[in-house]
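Presented as structure tokens, the chain that follows is alone, the form predicted on its own.
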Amino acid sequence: MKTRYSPRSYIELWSWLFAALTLFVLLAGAVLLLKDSVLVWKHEGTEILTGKEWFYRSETFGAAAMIYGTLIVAVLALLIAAPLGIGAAICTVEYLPARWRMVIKTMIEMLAGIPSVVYGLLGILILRNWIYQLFEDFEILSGDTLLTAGILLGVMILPTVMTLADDALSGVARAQRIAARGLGLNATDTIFSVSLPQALPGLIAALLLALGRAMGETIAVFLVIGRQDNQWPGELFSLRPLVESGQTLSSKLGGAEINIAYGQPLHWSAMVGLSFLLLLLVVGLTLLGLWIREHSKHTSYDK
């Protein structure tokens, strides 16, 4: 007797197969990057993480300045996008009617569809000159700075923050809001006492996913950051490096040096090592954000 499979069974089967294929490609890529970067790990050891100088002609490969630039630019972007995105989500979920909520949400999500090179060109035409004029009294060399890249990235990750924050706030049960209003809380008190605390895990997940998105951005950052190597700050918590040129892991990999490195085993291994570090950072933050988001969903369902 032949077994009949429903269309749903076939869909589930193909979904699992494609998911497994995606996971295989990711793991295979990570293994390949690790394999090709072994040479530089043997040559530099932990100095590739802590070394402050990168001079490929003298075979010195320290990525600390690039890691610093990556973190600073991503954190700046998050500091800009977090209040705007969460504030927009609060407005759409708590105050606007459903029809207007979808209009505003769609308009913000459209920002995610703009190619990153367009953002980069707008950064060159508008943002770079504005930063230079704003900080001209500090005798900065140009508008290509870590701050410029951070502001530009803040606009780029705004749709991610807003959309995921909207989903997190929408997941708060309406009955809890009604109960809070019944106890005498006004709309503002309800938001800060009920909605935000209940949605907090989802909001944290939104910020982590946006942070991973910011770390992996290449073209827009490449065009406005100045791409200056070895920019380790004299004082780690000084604000001066923010208005100076710098380098991130992604902007380094997007530059011409990747072509120069090809054919030189140690130099190529160093560039692949940067790729592996960037992959670990982005995938780690993304997985953490997804885990928190899913865990918060299950927790809310249990309640």
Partner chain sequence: MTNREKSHTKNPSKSDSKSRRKRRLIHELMRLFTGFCVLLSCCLLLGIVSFIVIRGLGALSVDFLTGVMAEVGASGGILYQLLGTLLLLLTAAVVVIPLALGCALVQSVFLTREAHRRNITLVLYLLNGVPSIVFGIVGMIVFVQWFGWGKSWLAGGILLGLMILPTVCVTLIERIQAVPKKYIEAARGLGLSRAQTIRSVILPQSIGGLFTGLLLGLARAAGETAPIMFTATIFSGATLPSGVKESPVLSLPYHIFILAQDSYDPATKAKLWGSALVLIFLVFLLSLLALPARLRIHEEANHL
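In this text, all values refer to a predicted model and were calculated from it rather than measured experimentally. Numbering follows the first chain given and starts at 1.
Below: the form predicted in complex with its partner chain, not depicted.
272 is the sole member of 242, 67, 272, 48 with a non-hydrogen atom lying within 4.5 angstroms of its partner chain in the predicted complex. Though its partner chain is absent from this view, in the predicted complex it lies within 4.5 Å of a heavy atom of just one residue from 134, 141, 204, 187, which is 187. In the predicted complex, at least one heavy atom of residue 87 sits within 4.5 Å of its partner chain. Looking at residue 237, you'd find every heavy atom of it more than 4.5 angstroms from its partner chain in the predicted complex. Mapping the unseen interface onto this chain, residue 268 counts among the residues with a heavy atom inside 4.5 Å of its partner chain in the predicted complex.
Using a 4.5 angstroms limit between non-hydrogen atoms, residue 223 touches its partner chain in the predicted complex. Contacts to its partner chain in the predicted complex (heavy atom within 4.5 Å) from stretch 131 to 166: 155, 158.
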